[in-house]
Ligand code: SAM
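One chain follows as structure tokens, the form predicted alone.
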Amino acid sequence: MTDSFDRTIDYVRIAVTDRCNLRCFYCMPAEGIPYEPKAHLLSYEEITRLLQVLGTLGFRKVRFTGGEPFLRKDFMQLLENTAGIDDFKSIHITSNGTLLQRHIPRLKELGITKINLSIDSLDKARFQKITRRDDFEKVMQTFHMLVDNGFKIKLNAVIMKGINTQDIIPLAELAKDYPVDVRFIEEMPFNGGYKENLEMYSARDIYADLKAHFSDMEKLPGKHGDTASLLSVPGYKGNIGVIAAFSRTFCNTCNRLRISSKGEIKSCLYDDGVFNIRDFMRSGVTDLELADKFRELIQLKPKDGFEAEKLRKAPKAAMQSMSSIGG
């Protein structure tokens, strides 16, 4: 599938829940957000059907997100269903790592070994301040277990001015001893309304910090659909990446659709939902009609995040939470 800008669209991100057991303040306020009742969520059967249809359209990669996906009951059953779909051999999960450990053996059996792990600081006190939870040791234990079991890990860190910029170099140094991608992400406005104005620590700022410390780092060539500008340091086992999520400099290679936990299709992170596929399915449509609807929606994909933001009907992106949007 290609969109109207001739970008190949072959990757879908599906949120299985809007619930999270952390309260990271760049994502939601301390009291949390109003969660959707279970009846409003896509069922596992509906998600499996969507993936089967998307597979016929050339989609080959799926990432399950949340909230925290392992909070949803029987999430492993959905992963087992997905592993049985021939078109999707690239199955990824984004998790905060607090509930993951006991599932590692089964994930390996299913061949699901690509995990994005969110960790914004290697300082225990700062981690607790950011997440409002005392789970640092648990998350780091999960990290080491995943490494020891041969998982392909990407560590995601949202960098916030005045909060955790001092963590950039310590986090990047993890790539020295471990075969992981450490990725630094610009803060975005999808924070559930905890603050309206971002004091941006930009991708350029992050890159400048890295360059000052790693004078010999080199930029790696990009691949289809990359959001991160990847950097390598000679002798390091892993790589370092910078994601310009707010600057939106990678839109020309975007290859994805997002589906929220309640079935809202987002053709761009910065739109406010272009269609509810849950309601469309529940109206009794056939798989052919579903496929035609996806073809239509892909053609509506905007040129970039700035255009998507201009087309929003809701006045403030900041009133959404990334937990609701889907990871």
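The numbering used is simple: start at 1 and walk along the sequence shown. In this text, all values refer to a predicted model and were calculated from it rather than measured experimentally.
This protein has a second form, the form predicted together with the ligand, left out of what is shown; the following refers to that one.
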(message) Within 4.5 Å of the ligand in the predicted bound form - does that hold for a heavy atom of every one of V12, N255 and G305?
(response) no
(request) Using a 4.5 Å heavy atom cut-off, indicate which stretch of 181-189, 143-151, 164-172, 225-233 touches the ligand in the predicted bound form. (result) 181-189
(request) Find out whether any non-hydrogen atom of V158 is located within 4.5 angstroms of the ligand in the predicted bound form, and reply yes or no. (result) yes
(request) Consider T65 of the chain shown here, and say whether it contacts the ligand in the predicted bound form, taking contact as heavy atoms within 4.5 Å. (result) yes
(message) When the contact criterion is heavy atoms within 4.5 Å, does S118 count as touching the ligand in the predicted bound form?
(response) yes
(request) Considering only heavy atoms, tell me if C27 and the ligand come within 4.5 Å of each other in the predicted bound form. (result) yes
(request) Counting non-hydrogen atoms within 4.5 angstroms of the ligand in the predicted bound form, say which of T249, T94, T82, N239 makes the cut. (result) T94
